[in-house]
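Just the one chain here, the form predicted alone, laid out as structure tokens.
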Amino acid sequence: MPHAFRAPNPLLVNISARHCHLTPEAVEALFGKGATLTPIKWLYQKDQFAAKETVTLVGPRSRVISNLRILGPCRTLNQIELALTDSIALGFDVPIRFSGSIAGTPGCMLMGPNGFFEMKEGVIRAAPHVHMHPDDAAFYGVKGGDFMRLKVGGPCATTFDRMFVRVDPEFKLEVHIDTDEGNACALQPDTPVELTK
């Protein structure tokens, strides 16, 4: 990959499987008063983790996805991120959105061991995006809110033309695409990737 020896950090591209982010209130409704999330796997971004706890998502016409993983820590809004294939299986018409942009999106019912929690909105397909430290943004010549291209090599080579840039001093350089996008380009750990403006 060009610039590999001058870039401040190596580029990592990860597939983000379907998951949900929940508020403390939602966690208590689903798992009981005083319940908190239990980390079982720490993720690449600082302080982010996959929780032991999972929920069942009940979609239109009572179609369900069981064992939907919760990612922690808790957030200030409830959001479920699905791939298009998941959305179709559930009977949802789910828009592509940036994380946190949930106004006007479909809602659903979540079921946990302690009860149900109704989400009025918050089911999205996450737009492909890249997390960047300010040093990475300076190197690539971009700022938060810009779009970049991700070139993926290999037998199913493709280019993602609208990779949304998110910049924060806490971020490590990492691209997130969903399972459908990862499968479409046959992404593997050794697949060559390049991020460009």
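Please read all numbers here as calculations on a predicted model, not as lab measurements. Just count from 1 along the sequence shown to find any residue number.
The next section is about a form of this same protein that is not shown, the form predicted together with another copy of the chain.
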**Asked** Just one of 46, 143, 162, 52 has a heavy atom within 4.5 Å of another copy of the chain in the model of the complex. Which one?
**Response** 162
**Request:** Tell me, yes or no, whether residue 32 is in contact with another copy of the chain in the model of the complex, where a contact means a heavy atom of each within 4.5 Å.
**Result:** no
**Message:** I'd like to check something about residue 154: if you look in the model of the complex, is any of its heavy atoms closer than or equal to 4.5 Å to a heavy atom of another copy of the chain?
**Reply:** yes
**Item:** Distance check, residue 12 to another copy of the chain in the model of the complex, heavy atom within 4.5 Å
**Value:** no
**Asked** Is residue 17 close to another copy of the chain in the model of the complex, meaning a heavy atom pair under 4.5 Å apart or at it?
**Response** no
**Prompt:** Heavy atoms within 4.5 Å of another copy of the chain in the model of the complex: which stretch among 81-89, 116-124, 102-110, 67-75?
**Reply:** 81-89
**Prompt:** Non-hydrogen atoms within 4.5 angstroms of another copy of the chain in the model of the complex: do 23, 26 and 28 all have one?
**Reply:** no
**Prompt:** Taking another copy of the chain in the model of the complex, which residues along 48-83 bring a heavy atom to within 4.5 Å of it?
**Reply:** none
